[in-house]
Ligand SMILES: Nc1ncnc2c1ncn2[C@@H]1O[C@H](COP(=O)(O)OP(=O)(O)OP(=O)(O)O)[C@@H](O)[C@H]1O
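Listed next as structure tokens is one chain, alone, in the form predicted on its own.
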Amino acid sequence: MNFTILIVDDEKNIREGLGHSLEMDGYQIELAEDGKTGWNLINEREIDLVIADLKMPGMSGGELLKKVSSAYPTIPVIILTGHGTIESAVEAMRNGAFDFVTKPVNLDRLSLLVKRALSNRELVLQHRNLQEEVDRLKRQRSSGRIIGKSQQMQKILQMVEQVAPTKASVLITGESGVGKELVADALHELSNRKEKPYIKVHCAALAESLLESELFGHEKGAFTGAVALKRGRFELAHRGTIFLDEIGEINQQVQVKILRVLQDKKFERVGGEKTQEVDVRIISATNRDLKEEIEKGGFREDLFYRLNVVNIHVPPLRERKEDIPLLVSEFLKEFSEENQKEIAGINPKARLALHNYHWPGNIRELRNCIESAVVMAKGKIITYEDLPPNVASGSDADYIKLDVGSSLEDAEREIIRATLHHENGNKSRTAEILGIGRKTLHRKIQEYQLER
């Protein structure tokens, strides 16, 4: 990733000397002789880091810092200061400066500070790019609430768009928490019935004794407590769609009545004799293996085939881990706004833990995890320590053993090698996990002779 650094100093020799030194490190450099010129450049161009002298005529470095921190809080600012103004530099740190460097500048220290500041900036830009990708996918698709770019999710989205305009019954299968309800929502939203009622019934949440009455209604006096006529969910969904979630939980008596609705579009309310006619599309979902339930005698085979005209299976999150970064980005945005916290990204160690965790609770668990991490985060970047203990400790992360005394070069080589191996040679995923650009990764692979 090519970063642009703005150096603001009224002393020409210092700003040009620092600029030349940082250019040698591979950065793009912009120079400004005062705070006002620097501020104009920040508004006009994509600046990733500001290095500003504290004392300058006109707009001082302290004033520039306040403007940048207010308008561009994700751009780090390093303050340059003389020995006599250390207290002012500490005050600048309180006002949001990343760090400060005393003059004459130690170029090695400055180089390390720049790398540290830009590592966070890179996480911020990665988060921004992911959010832009999520927004682009939402604009491209009619079913914008379903987030994912994996091959499995692409196939599901194609099926949804193809099946939605039809009258076919759809059975959505998959583990708890994978997003079956979102698929049902999309099927209704993209159908010809989208302006008509959309009624959801969570079958497992209703007592067995109440389910029949909830679905089909009851007449006044049908049973104790039935003090008035009640229209059921099927009647309320007339000409629209009904979504029966966890349909594997319903009893045989109710199964018979649903089968009749599917076959004849007719039913009677509980305690009633008058036959009601209804035009409704049935979408159902289950985390059970209904074929196994049929063998056990718990589910009617004829109802299964009526419901399962089209089957959409939503795979567990552990089988489509390439969707995790997009989902994390979306949840970070949601919970940052909800909790009024400024979260700008997630660091590589935390990202690797999220990738390696097996997610038994699927997307629902990931969403809860990110909400917790946002609440617990002490800074603007989510760290490994911010993750819930069960996710952090249960991530099955591969550990890399390094001997004490290993050089930084040896450590870097081993980290890249191990991550490449873990990702089966996938360079895009490796670069994403390590928090570096693909070009940087390719250069490192060649440098360390890791092509194999």
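All of these numbers come straight from a predicted model, not from anything done at the bench. The first residue of the shown sequence is 1; numbering continues from there.
There is another form of the same protein, the form predicted together with this ligand; it is not shown, and what comes next is about it.
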query	finding
Residue 176, heavy atom within 4.5 angstroms of this ligand in the predicted bound form	yes
Close approach of residue 364 to this ligand in the predicted bound form, 4.5 Å, heavy atom	yes
4.5 angstroms heavy atom contact with this ligand in the predicted bound form for residue 249	no
Non-hydrogen atom contact residue 153 with this ligand in the predicted bound form at 4.5 angstroms	yes
Option touching this ligand, based on a heavy atom within 4.5 Å in the predicted bound form, out of 312, 146, 258, 381	146
Residue (of 267, 198, 331, 359) lying close to this ligand in the predicted bound form, criterion heavy atoms within 4.5 Å	331
This ligand in the predicted bound form: contacting segment from 101-109, 213-221, 126-134, 240-248, heavy atom within 4.5 Å	240-248
Stretch 178-199: residues contacting this ligand in the predicted bound form, 4.5 Å heavy atom cut-off	178, 179, 180, 181, 182
